[in-house]
Ligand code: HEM
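Below, in C-alpha coordinates: the form predicted alone, a single chain.
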Amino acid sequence: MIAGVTGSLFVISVNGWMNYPGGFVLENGAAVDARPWSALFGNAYFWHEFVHMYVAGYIVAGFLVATPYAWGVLRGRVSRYERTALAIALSAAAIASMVQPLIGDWAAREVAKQQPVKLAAMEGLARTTAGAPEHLLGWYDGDKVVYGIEIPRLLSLFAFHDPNATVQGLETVPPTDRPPVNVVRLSFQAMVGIGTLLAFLGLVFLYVRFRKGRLPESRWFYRAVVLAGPLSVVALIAGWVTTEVGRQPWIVYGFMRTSEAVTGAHGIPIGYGTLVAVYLGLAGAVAWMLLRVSRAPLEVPGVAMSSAPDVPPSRSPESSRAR
(Lines give C-alpha, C1' and ligand atoms only; values in the text may rest on other atoms or scores of the structure.)
Protein backbone atom coordinates (compact mmCIF):
# COMPACT_ATOMS: atom_id res chain seq x y z
CA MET A 1 0.00 0.00 0.00
CA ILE A 2 2.82 2.41 0.89
CA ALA A 3 4.59 1.63 -2.40
CA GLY A 4 1.40 2.22 -4.36
CA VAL A 5 0.59 5.50 -2.62
CA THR A 6 4.11 6.96 -2.87
CA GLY A 7 4.65 5.77 -6.44
CA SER A 8 1.39 7.23 -7.72
CA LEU A 9 1.94 10.33 -5.59
CA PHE A 10 4.98 11.28 -7.64
CA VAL A 11 3.24 10.43 -10.90
CA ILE A 12 0.39 12.78 -9.97
CA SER A 13 2.76 15.51 -8.77
CA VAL A 14 4.66 15.41 -12.08
CA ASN A 15 1.38 15.46 -13.99
CA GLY A 16 0.23 18.43 -11.92
CA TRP A 17 3.44 20.23 -12.86
CA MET A 18 2.92 19.43 -16.55
CA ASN A 19 -0.53 21.01 -16.31
CA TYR A 20 0.60 24.00 -14.25
CA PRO A 21 4.40 24.30 -14.53
CA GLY A 22 6.32 26.28 -11.94
CA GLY A 23 9.32 26.07 -9.66
CA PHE A 24 11.75 27.44 -12.25
CA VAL A 25 12.63 30.59 -14.17
CA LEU A 26 12.88 30.67 -17.97
CA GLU A 27 15.81 32.73 -19.25
CA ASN A 28 16.71 32.81 -22.95
CA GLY A 29 14.83 29.57 -23.55
CA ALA A 30 16.62 27.73 -20.71
CA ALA A 31 15.13 26.70 -17.36
CA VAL A 32 17.17 28.10 -14.46
CA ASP A 33 16.73 28.50 -10.70
CA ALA A 34 14.99 25.14 -10.46
CA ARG A 35 13.14 24.43 -7.18
CA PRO A 36 12.11 20.75 -7.36
CA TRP A 37 9.93 20.60 -4.24
CA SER A 38 8.08 23.74 -5.23
CA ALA A 39 7.63 22.34 -8.74
CA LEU A 40 6.31 18.98 -7.53
CA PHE A 41 4.17 19.94 -4.56
CA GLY A 42 3.69 23.69 -4.77
CA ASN A 43 1.78 23.87 -8.04
CA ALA A 44 -1.92 24.69 -8.11
CA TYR A 45 -2.85 21.43 -9.83
CA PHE A 46 -1.20 18.92 -7.53
CA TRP A 47 -3.62 18.95 -4.61
CA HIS A 48 -6.91 18.67 -6.47
CA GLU A 49 -5.45 16.03 -8.83
CA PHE A 50 -4.11 14.09 -5.84
CA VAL A 51 -7.39 14.10 -3.91
CA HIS A 52 -9.53 13.59 -7.02
CA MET A 53 -7.49 10.59 -8.13
CA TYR A 54 -7.36 8.86 -4.76
CA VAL A 55 -11.07 9.21 -4.13
CA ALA A 56 -11.62 7.84 -7.66
CA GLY A 57 -9.36 4.92 -6.67
CA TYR A 58 -11.67 4.05 -3.78
CA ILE A 59 -14.69 4.26 -6.07
CA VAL A 60 -13.14 1.97 -8.68
CA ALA A 61 -11.73 -0.50 -6.14
CA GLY A 62 -14.98 -0.62 -4.17
CA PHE A 63 -17.25 -1.25 -7.14
CA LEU A 64 -14.82 -3.69 -8.76
CA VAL A 65 -14.62 -5.75 -5.58
CA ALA A 66 -18.41 -5.63 -5.19
CA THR A 67 -19.09 -6.71 -8.78
CA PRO A 68 -18.34 -10.47 -8.46
CA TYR A 69 -20.22 -10.69 -5.16
CA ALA A 70 -23.24 -8.95 -6.69
CA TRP A 71 -23.02 -11.48 -9.51
CA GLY A 72 -22.98 -14.21 -6.88
CA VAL A 73 -26.13 -12.81 -5.27
CA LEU A 74 -27.87 -12.88 -8.65
CA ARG A 75 -26.77 -16.52 -8.98
CA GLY A 76 -28.27 -17.33 -5.56
CA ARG A 77 -25.14 -17.13 -3.37
CA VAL A 78 -26.37 -14.99 -0.47
CA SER A 79 -24.49 -16.28 2.56
CA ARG A 80 -22.93 -14.16 5.25
CA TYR A 81 -19.70 -14.24 3.25
CA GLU A 82 -21.24 -12.48 0.23
CA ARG A 83 -23.18 -10.03 2.39
CA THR A 84 -20.09 -9.06 4.36
CA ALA A 85 -18.01 -8.60 1.21
CA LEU A 86 -20.72 -6.46 -0.39
CA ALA A 87 -21.19 -4.34 2.73
CA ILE A 88 -17.49 -3.53 3.00
CA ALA A 89 -16.84 -2.86 -0.69
CA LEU A 90 -20.04 -0.90 -1.31
CA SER A 91 -19.58 1.20 1.84
CA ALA A 92 -16.17 2.40 0.62
CA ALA A 93 -17.40 2.98 -2.94
CA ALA A 94 -20.63 4.69 -1.86
CA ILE A 95 -18.98 7.15 0.53
CA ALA A 96 -16.26 8.00 -2.00
CA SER A 97 -18.79 8.44 -4.82
CA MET A 98 -20.80 10.88 -2.69
CA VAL A 99 -17.68 12.95 -1.90
CA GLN A 100 -16.31 12.99 -5.45
CA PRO A 101 -18.73 15.61 -6.91
CA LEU A 102 -17.48 18.15 -4.36
CA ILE A 103 -13.86 17.43 -5.31
CA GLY A 104 -14.80 17.54 -8.99
CA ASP A 105 -16.26 21.01 -8.47
CA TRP A 106 -12.96 22.11 -6.90
CA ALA A 107 -10.99 20.65 -9.81
CA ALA A 108 -13.27 22.20 -12.44
CA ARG A 109 -12.89 25.68 -10.91
CA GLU A 110 -9.10 25.30 -10.98
CA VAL A 111 -9.28 24.32 -14.65
CA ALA A 112 -11.47 27.35 -15.35
CA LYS A 113 -8.85 29.66 -13.81
CA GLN A 114 -5.63 28.02 -14.99
CA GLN A 115 -6.57 26.24 -18.25
CA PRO A 116 -9.58 28.05 -19.73
CA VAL A 117 -9.02 26.54 -23.18
CA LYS A 118 -9.32 23.05 -21.71
CA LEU A 119 -12.60 24.06 -20.07
CA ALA A 120 -13.84 25.48 -23.38
CA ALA A 121 -13.00 22.17 -25.07
CA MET A 122 -14.71 20.17 -22.32
CA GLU A 123 -17.89 22.19 -22.87
CA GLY A 124 -17.61 22.91 -26.59
CA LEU A 125 -17.72 26.67 -26.01
CA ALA A 126 -16.61 28.37 -29.22
CA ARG A 127 -16.91 32.01 -28.14
CA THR A 128 -16.27 33.83 -24.89
CA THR A 129 -19.66 34.15 -23.21
CA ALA A 130 -21.05 35.88 -20.13
CA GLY A 131 -23.59 33.61 -18.46
CA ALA A 132 -22.39 30.63 -20.51
CA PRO A 133 -24.81 27.70 -20.86
CA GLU A 134 -24.06 24.04 -20.19
CA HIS A 135 -24.76 21.51 -22.95
CA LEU A 136 -25.58 17.94 -22.01
CA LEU A 137 -24.68 15.42 -24.73
CA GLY A 138 -24.44 16.72 -28.29
CA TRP A 139 -21.57 17.10 -30.76
CA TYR A 140 -19.23 20.03 -31.42
CA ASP A 141 -19.39 20.85 -35.15
CA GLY A 142 -16.52 23.34 -35.16
CA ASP A 143 -18.71 26.32 -34.28
CA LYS A 144 -21.20 25.18 -31.65
CA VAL A 145 -22.66 22.14 -29.91
CA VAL A 146 -25.43 20.53 -31.93
CA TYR A 147 -28.03 17.99 -30.76
CA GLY A 148 -27.24 18.85 -27.14
CA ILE A 149 -29.54 19.86 -24.30
CA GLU A 150 -28.78 23.47 -23.35
CA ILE A 151 -29.12 24.60 -19.73
CA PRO A 152 -28.78 28.41 -19.56
CA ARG A 153 -25.99 29.92 -17.39
CA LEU A 154 -25.11 26.60 -15.79
CA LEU A 155 -21.51 26.52 -17.07
CA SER A 156 -20.77 29.93 -15.56
CA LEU A 157 -22.33 28.80 -12.30
CA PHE A 158 -20.28 25.59 -12.20
CA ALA A 159 -17.01 27.21 -13.26
CA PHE A 160 -17.10 30.36 -11.12
CA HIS A 161 -20.11 29.92 -8.80
CA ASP A 162 -21.62 32.93 -10.57
CA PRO A 163 -24.37 32.45 -13.19
CA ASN A 164 -23.32 35.68 -14.94
CA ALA A 165 -19.55 35.03 -15.01
CA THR A 166 -17.67 35.25 -18.30
CA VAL A 167 -16.22 31.97 -19.58
CA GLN A 168 -13.38 32.06 -22.12
CA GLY A 169 -14.09 30.40 -25.47
CA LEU A 170 -11.95 28.49 -27.95
CA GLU A 171 -11.74 31.56 -30.19
CA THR A 172 -9.22 33.15 -27.80
CA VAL A 173 -6.39 30.93 -29.07
CA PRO A 174 -5.35 29.95 -32.62
CA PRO A 175 -6.69 26.63 -33.95
CA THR A 176 -3.19 25.14 -33.60
CA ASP A 177 -3.35 25.74 -29.84
CA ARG A 178 -6.70 23.99 -29.33
CA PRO A 179 -7.16 20.38 -28.24
CA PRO A 180 -9.37 17.95 -30.19
CA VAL A 181 -12.67 19.22 -28.83
CA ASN A 182 -14.94 16.22 -29.26
CA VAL A 183 -12.43 13.78 -27.75
CA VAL A 184 -12.14 15.97 -24.66
CA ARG A 185 -15.84 16.74 -24.53
CA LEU A 186 -17.07 13.17 -24.89
CA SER A 187 -14.56 11.79 -22.39
CA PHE A 188 -15.53 14.49 -19.90
CA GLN A 189 -19.22 13.78 -20.32
CA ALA A 190 -18.59 10.05 -19.95
CA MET A 191 -16.69 10.63 -16.70
CA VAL A 192 -19.33 12.94 -15.25
CA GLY A 193 -22.26 10.86 -16.47
CA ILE A 194 -20.95 7.58 -15.11
CA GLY A 195 -19.81 9.28 -11.90
CA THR A 196 -23.31 10.66 -11.38
CA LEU A 197 -24.85 7.21 -11.84
CA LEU A 198 -22.35 5.67 -9.41
CA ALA A 199 -23.12 8.39 -6.86
CA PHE A 200 -26.84 7.63 -7.20
CA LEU A 201 -26.15 3.92 -6.73
CA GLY A 202 -24.08 4.72 -3.66
CA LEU A 203 -26.87 6.89 -2.29
CA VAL A 204 -29.37 4.04 -2.69
CA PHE A 205 -27.03 1.67 -0.86
CA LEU A 206 -26.38 4.08 2.02
CA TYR A 207 -30.09 4.88 2.37
CA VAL A 208 -31.12 1.23 2.64
CA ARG A 209 -28.14 0.37 4.82
CA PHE A 210 -28.73 3.07 7.41
CA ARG A 211 -32.49 3.46 7.15
CA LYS A 212 -33.39 -0.23 7.15
CA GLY A 213 -30.23 -1.81 8.58
CA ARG A 214 -29.71 -4.27 5.75
CA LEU A 215 -28.47 -4.61 2.19
CA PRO A 216 -30.79 -3.77 -0.71
CA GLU A 217 -32.94 -6.69 -1.84
CA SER A 218 -33.82 -5.61 -5.38
CA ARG A 219 -32.24 -7.70 -8.10
CA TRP A 220 -32.05 -4.56 -10.21
CA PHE A 221 -29.72 -3.06 -7.61
CA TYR A 222 -27.34 -6.01 -7.93
CA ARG A 223 -27.53 -5.90 -11.71
CA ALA A 224 -26.49 -2.25 -11.49
CA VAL A 225 -23.58 -3.14 -9.17
CA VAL A 226 -22.38 -5.76 -11.68
CA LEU A 227 -22.25 -3.03 -14.32
CA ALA A 228 -20.80 -0.45 -11.91
CA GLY A 229 -17.44 -2.23 -11.66
CA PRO A 230 -16.42 -2.02 -15.34
CA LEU A 231 -18.16 1.34 -15.76
CA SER A 232 -16.08 2.82 -12.94
CA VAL A 233 -12.93 1.82 -14.84
CA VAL A 234 -14.32 3.51 -17.96
CA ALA A 235 -14.96 6.68 -15.93
CA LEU A 236 -11.41 6.59 -14.55
CA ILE A 237 -9.87 6.26 -18.01
CA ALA A 238 -12.21 8.95 -19.38
CA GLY A 239 -11.04 11.30 -16.64
CA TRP A 240 -7.39 10.81 -17.59
CA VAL A 241 -8.24 11.31 -21.27
CA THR A 242 -9.96 14.57 -20.34
CA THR A 243 -7.03 16.02 -18.43
CA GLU A 244 -4.28 14.78 -20.77
CA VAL A 245 -5.87 15.32 -24.18
CA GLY A 246 -7.41 18.55 -22.91
CA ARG A 247 -3.89 19.90 -22.27
CA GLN A 248 -2.87 19.43 -25.91
CA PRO A 249 -0.97 20.61 -27.86
CA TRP A 250 1.15 21.22 -24.75
CA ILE A 251 3.07 18.57 -22.84
CA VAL A 252 4.25 21.28 -20.41
CA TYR A 253 1.39 23.75 -20.51
CA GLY A 254 2.37 27.00 -22.18
CA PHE A 255 6.08 26.11 -22.39
CA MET A 256 6.69 22.96 -24.41
CA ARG A 257 4.60 21.32 -27.13
CA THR A 258 4.02 17.61 -27.28
CA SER A 259 5.62 17.51 -30.74
CA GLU A 260 8.83 18.86 -29.20
CA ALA A 261 8.91 16.10 -26.59
CA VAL A 262 8.74 13.09 -28.89
CA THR A 263 11.71 10.87 -28.09
CA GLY A 264 14.27 9.75 -30.65
CA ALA A 265 15.43 6.89 -28.48
CA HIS A 266 15.58 3.41 -29.99
CA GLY A 267 14.15 0.29 -28.40
CA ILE A 268 10.91 1.87 -27.16
CA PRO A 269 8.72 -0.88 -28.75
CA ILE A 270 10.84 -3.54 -27.02
CA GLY A 271 10.37 -1.85 -23.67
CA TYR A 272 6.63 -1.49 -24.10
CA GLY A 273 6.33 -5.06 -25.37
CA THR A 274 8.19 -6.37 -22.32
CA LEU A 275 5.97 -4.33 -20.02
CA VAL A 276 2.82 -5.69 -21.67
CA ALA A 277 4.13 -9.27 -21.48
CA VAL A 278 4.95 -8.96 -17.77
CA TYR A 279 1.53 -7.54 -16.91
CA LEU A 280 -0.28 -10.14 -18.99
CA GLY A 281 1.68 -12.82 -17.14
CA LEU A 282 0.78 -11.30 -13.78
CA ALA A 283 -2.88 -11.00 -14.78
CA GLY A 284 -2.92 -14.64 -15.87
CA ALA A 285 -1.33 -15.76 -12.58
CA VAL A 286 -3.84 -13.78 -10.52
CA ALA A 287 -6.76 -15.16 -12.54
CA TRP A 288 -5.46 -18.71 -12.09
CA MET A 289 -5.11 -18.30 -8.32
CA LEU A 290 -8.52 -16.69 -7.95
CA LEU A 291 -10.15 -19.50 -9.92
CA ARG A 292 -8.52 -22.07 -7.64
CA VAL A 293 -9.76 -20.24 -4.55
CA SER A 294 -13.25 -19.87 -5.98
CA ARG A 295 -13.49 -23.65 -6.58
CA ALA A 296 -12.45 -24.45 -3.02
CA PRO A 297 -13.52 -21.54 -0.76
CA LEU A 298 -12.29 -21.40 2.80
CA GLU A 299 -14.65 -22.84 5.39
CA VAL A 300 -15.25 -20.27 8.14
CA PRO A 301 -16.36 -21.83 11.46
CA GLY A 302 -19.92 -20.91 12.33
CA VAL A 303 -20.72 -19.45 8.90
CA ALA A 304 -23.05 -21.30 6.58
CA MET A 305 -22.16 -20.99 2.90
CA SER A 306 -25.75 -21.24 1.70
CA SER A 307 -26.44 -21.09 -2.02
CA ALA A 308 -30.22 -21.30 -1.95
CA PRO A 309 -31.55 -18.95 -4.63
CA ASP A 310 -34.66 -17.98 -2.66
CA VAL A 311 -32.81 -16.48 0.33
CA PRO A 312 -32.94 -12.66 0.16
CA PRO A 313 -29.64 -10.79 0.71
CA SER A 314 -31.00 -9.24 3.91
CA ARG A 315 -31.54 -12.55 5.70
CA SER A 316 -29.64 -12.67 8.96
CA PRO A 317 -26.76 -15.11 9.61
CA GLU A 318 -28.89 -16.94 12.19
CA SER A 319 -31.73 -17.57 9.77
CA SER A 320 -29.26 -18.66 7.09
CA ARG A 321 -27.81 -21.26 9.46
CA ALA A 322 -31.33 -22.38 10.41
CA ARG A 323 -32.09 -23.05 6.78
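What you are looking at is a predicted structure, and each value in this text was computed from that prediction instead of being measured. The numbering used is simple: start at 1 and walk along the sequence shown.
The protein also exists as the form predicted together with the ligand; that form is not presented, and the subsequent description refers to it.
(request) Name the stretch: of 191-199, 69-77, 167-175, 213-221, exactly one has residues whose heavy atoms fall within 4.5 Å of the ligand in the model of the complex. (result) That would be stretch 191-199.
(message) Using a 4.5 Å heavy atom cut-off, which residue among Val225, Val181, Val145, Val111 comes into contact with the ligand in the model of the complex?
(response) Looking at the other structure, the residue within range turns out to be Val111.
(message) Counting any non-hydrogen atom inside 4.5 Å, which residue from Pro101, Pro152, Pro230, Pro249 sits next to the ligand in the model of the complex?
(response) When the ligand is considered in the model of the complex, the option within 4.5 Å is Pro101.
(request) Give a yes or no on whether each residue among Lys118, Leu236 and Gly239 has a heavy atom within 4.5 Å of the ligand in the model of the complex. (result) Yes, all three are in contact.
(message) I'd like to check something about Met122: if you look in the model of the complex, is any of its heavy atoms closer than or equal to 4.5 Å to a heavy atom of the ligand?
(response) Judged by the heavy-atom cut-off of 4.5 Å, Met122 is in contact with the ligand in the model of the complex.
(request) Report yes if any heavy atom of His48 sits within 4.5 Å of a heavy atom of the ligand in the model of the complex; otherwise report no. (result) Looking in the model of the complex, residue contacts with the ligand include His48, since a heavy atom lies within 4.5 Å.
(message) Check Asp105 for me: does it contact the ligand in the model of the complex (non-hydrogen atoms, 4.5 angstroms)?
(response) Yes - in the model of the complex, heavy atoms of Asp105 and the ligand come within 4.5 Å of each other.
(message) Please tell me whether any heavy atom belonging to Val60 falls inside 4.5 Å of a heavy atom of the ligand, as the geometry stands in the model of the complex.
(response) Looking in the model of the complex, residue contacts with the ligand include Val60, since a heavy atom lies within 4.5 Å.
(request) Output the sequence-ordered list of residues from 1-39 with at least one heavy atom within 4.5 Å of the ligand in the model of the complex. (result) Only a single residue, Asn19, comes within 4.5 Å of the partner.
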